[in-house]
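Here we start with a single chain on its own, the form predicted on its own, put down as structure tokens.
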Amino acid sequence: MNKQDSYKFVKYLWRDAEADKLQGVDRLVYRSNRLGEDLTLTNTGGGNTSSKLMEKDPLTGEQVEVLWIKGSGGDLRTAKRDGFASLYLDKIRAMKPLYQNHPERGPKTEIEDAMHPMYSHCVFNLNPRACSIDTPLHTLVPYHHVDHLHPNSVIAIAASVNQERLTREIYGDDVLYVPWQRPGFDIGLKIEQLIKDHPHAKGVLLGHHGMSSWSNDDRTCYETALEIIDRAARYIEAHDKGEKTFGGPKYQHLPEETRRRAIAGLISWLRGQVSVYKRFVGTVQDDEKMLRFVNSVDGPRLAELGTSCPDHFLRTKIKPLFVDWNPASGDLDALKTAILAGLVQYRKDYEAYYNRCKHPDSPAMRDPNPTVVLIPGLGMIAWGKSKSESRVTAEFYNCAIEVMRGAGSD
């Protein structure tokens, strides 16, 4: 049987004929590229993969165990060998008591923040690539290979109100569950203990974040990741609300010619409004899925909830601007007035958010203009400093919509 037949919602891209020609880090690159090639598995620049491999120490000539992990900010689909950080595994593990013995430890403590810079003392062979913030997870999972991804279907489960119950319902004892907390040593230690308590588990669902799979065989690790994702997608499909998705339609689709004419008359003006601090380039999307969301009853309320995954935040900001406009009127002047009012409120909301969350050492407030604008009847306009960046912004918000669809199916 073709391995692809085992899955319904993911692509099985592993080919033994290709992988078996490779060794060591090159097999990790191959696995990473295959995972990144299916854009439903993780967003651009997101997710990380690792392998614990034996290498020759350049100082002693002895064999040492090295953690190879995708570098911070790299993209799985396009990653090459130089996109992976390399760390002496025994040195990273030696950091464990340093954290555990600290009197004040936890996910928001000074010692947690102090751990990440210490990885520079663990670098193998002078590798300049910065390691991922998820390095403790990859280090402390007691298996040779780990894949950490942000798939839409899994995040939909992880972002739902009943995420823990759904994890048990969908996966049974196969997948562990950890509530949301930021990546770091603390969550790595919790996952390590859970694996000790449940040694047959094949992965973990991270609340409001994503998932990880593991195995001592790299192909099995890859296949386990696909299985976890596919099972979540199958559950969502079985509970899909059809026409009632997002509360059902509030507005009807505008004819394609009408939409395109309206967008053509709007986009240059809108670009000027959002490019107050820096020049933006826009990507327009008005396909059926996007129109279903922007025309829906619950669209404005759901958009206001913000991001479903921390990785989305840098691209789509705290939330999109959802414009309050009735497309049936066809009044572009009224639309512009609504956009101007929405921008004023959006900037106020962003400034309030920044002031509420800033610390003495926080960077200056970013551009307070939205990077995603949603307009009933017309669709989405995503913004970025270049054509490719605006497309990535659009990709991220499409992921957010799919997560909201899936989370609402429970």
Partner chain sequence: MDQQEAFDIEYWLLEDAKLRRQPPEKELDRQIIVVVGAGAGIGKATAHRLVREGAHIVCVDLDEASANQTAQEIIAKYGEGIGVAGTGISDCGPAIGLACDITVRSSVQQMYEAVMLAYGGIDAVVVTAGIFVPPDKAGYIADRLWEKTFAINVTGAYIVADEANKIFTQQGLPGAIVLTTSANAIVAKKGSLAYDSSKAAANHLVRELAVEMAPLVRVNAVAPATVVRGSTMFPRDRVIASLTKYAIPFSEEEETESLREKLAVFYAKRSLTQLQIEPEDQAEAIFLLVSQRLARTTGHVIPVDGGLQDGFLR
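Numbering follows the first chain given and starts at 1. C-alpha atoms forming the largest set that superposes within 1.5 Å between two forms make up the rigid core. Remember, it's a predicted structure, so these values are computed and weren't measured experimentally.
Below, we turn to the form predicted in complex with the partner chain, even though it does not appear here.
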- Query: Is every one of 19, 30 and 127 in contact with the partner chain in the predicted complex, taking contact as a heavy atom within 4.5 Å?
  - Reply: no
- Message: Just to confirm, with a 4.5 Å cut-off on non-hydrogen atoms, which of 101, 120, 268, 329 contacts the partner chain in the predicted complex?
- Response: 268
- Message: So, residue 392 and the partner chain: in the predicted complex, are they within 4.5 Å at any heavy atom pair?
- Response: yes
- Message: Under a 4.5 Å heavy atom criterion, is residue 347 part of the interface with the partner chain in the predicted complex?
- Response: no
- Message: Whether residue 105 contacts the partner chain in the predicted complex should be assessed with a 4.5 Å heavy atom distance threshold; does it?
- Response: no
- Message: Is it the case that residue 171, even though its partner is missing from this view, gets within 4.5 Å of the partner chain in the predicted complex, heavy atoms only?
- Response: no
- Since the chain is shown here on its own, which stretch among 146-154, 214-222, 245-253, 69-77 would lie within 4.5 Å of the partner chain in the predicted complex, judged by heavy atoms? 69-77
- Item | Residues of 330-365 having any heavy atom within 4.5 Å of the partner chain in the predicted complex, listed in sequence order | 336, 350, 353, 354, 356, 357, 358, 359, 361, 362, 363, 364, 365
- Message: When the rigid core is used for the superposition, does residue 361 move between this form and the one not shown (threshold: C-alpha shift of 2 Å or more)?
- Response: yes
